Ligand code: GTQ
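Single chain ahead, by itself, as structure tokens, in the form predicted on its own.
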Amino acid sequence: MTTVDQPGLDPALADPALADLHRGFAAEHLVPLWTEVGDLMPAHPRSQACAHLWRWNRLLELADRAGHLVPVGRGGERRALALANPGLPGRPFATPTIWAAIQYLMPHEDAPEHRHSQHAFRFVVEGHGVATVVEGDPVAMRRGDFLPQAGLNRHAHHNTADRPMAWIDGLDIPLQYALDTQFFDVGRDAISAAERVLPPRSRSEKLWGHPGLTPVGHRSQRPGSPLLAYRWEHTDAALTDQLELQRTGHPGTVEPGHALVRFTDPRTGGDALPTIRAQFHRIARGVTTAPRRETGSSVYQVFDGSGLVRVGESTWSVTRGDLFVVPSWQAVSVTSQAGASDSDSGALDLFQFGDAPVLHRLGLFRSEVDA
């Protein structure tokens, strides 16, 4: 029997008839499952994304340089620096489904109005003075605030302060990119004078920001939460109360020394955004959380405190503002450590966002805690 001498030929295709069969597959754009099953159906998720850490101080430094060199206007629309996962080369994606970026607005600067199909939020780790204007409703942005904004709502940003401000943007851009569902429209060139006022509370908060109460006669057409600002004072109080109840023996907490809250739609109790789950963790000083694995990916930002983070085989010391990625099915565990700063809360506060709502709807969400 003669053999086919071709560079890189699989030894299994040394049979001329089999090699000819595979050439027929290739000519018709067919791929036999038996050559791909190990990659397409592994025993457990093997994400192309990798665990990675971005230091907040370095992000701020580069964003500030961009603020002095790169104008905001039509074209780029936003001065945003996307976190590009090293495991996903060539794409500005933090994970296969999540976009995360630091956005930077100079004093008295506007980011133009536009809208897009992608669901989005803003999270503020420090600073104040910026208003995000969603469908004409000015919403103040302050440290610790979570500000969701569902897709296809017109929005602009305006910095009312005499200093720059940075925050984190989270969107489902990679997911919609993969699904071919993206739409984008530009809006007005400038917001109105009334929208430049920074009110203590937005219209959405006056209607929807009262726990357990639903405004009768007001129907929101937004696919996500009608509440556009989840204020830090409420998040902080909820976390504080959870840990206090835990110390008095109240059952039902995640694990000893670990408080966790989720940002939800006041109408339904579901996630605040259809494709993004946002949560806030507080780890009491000296506590180490049990390693947890979940399908789907998440990005975390340290809001306050200092600690040690373990993601898969990676370990980092983290402090305020630092961001890190947890890929699908990689175990994450954190230890809260006392920091040197006088402003250190004594606990490790972590803001988390990921793609869990999508996986839940598809019946693909899975979670386990390592013993």
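Note that residue numbering begins at 1 and tracks the sequence as displayed. A quick note: this is a predicted structure, and the numbers were derived from the prediction, not measured.
Quick note: we don't show the form predicted together with the ligand, though the next part is all about it.
Visitor: Is Leu105 part of the interface with the ligand in the predicted bound form - any heavy atom within 4.5 Å?
Guide: No, Leu105 sits far enough from the ligand in the predicted bound form that none of its heavy atoms falls within 4.5 Å.
Visitor: So, Trp99 and the ligand: in the predicted bound form, are they within 4.5 Å at any heavy atom pair?
Guide: Output for Trp99 is yes: heavy atoms within 4.5 Å of the ligand.
Visitor: With a 4.5 Å heavy atom cut-off, would you call Ile173 a contact of the ligand in the predicted bound form?
Guide: Heavy-atom contact with the ligand at 4.5 Å: present for Ile173.
Visitor: Does at least one non-hydrogen atom of Asp169 fall within 4.5 angstroms of the ligand in the predicted bound form?
Guide: Asp169 belongs to the contact set for the ligand.
Visitor: Go through 204 to 212, 154 to 162, 272 to 280, 231 to 239 and give me the stretch that gets within 4.5 Å of the ligand in the predicted bound form, heavy atoms only.
Guide: Single hit among the candidates: 154 to 162.
Visitor: For this chain shown on its own, do His258, Arg292 and Val309 all sit within 4.5 Å of the ligand in the predicted bound form, going by heavy atoms?
Guide: Checked in the predicted bound form: no contact with the ligand for any of the three.
Visitor: Can you work out which of Val139, Ala80, Ile191, Val124 has a heavy atom no more than 4.5 Å from the ligand in the predicted bound form?
Guide: Contact with the ligand in the predicted bound form is made by Ala80 alone.
Visitor: By the heavy atom within 4.5 Å rule, which residue out of Arg196, Arg267, His114, His128 makes contact with the ligand in the predicted bound form?
Guide: That would be His114.
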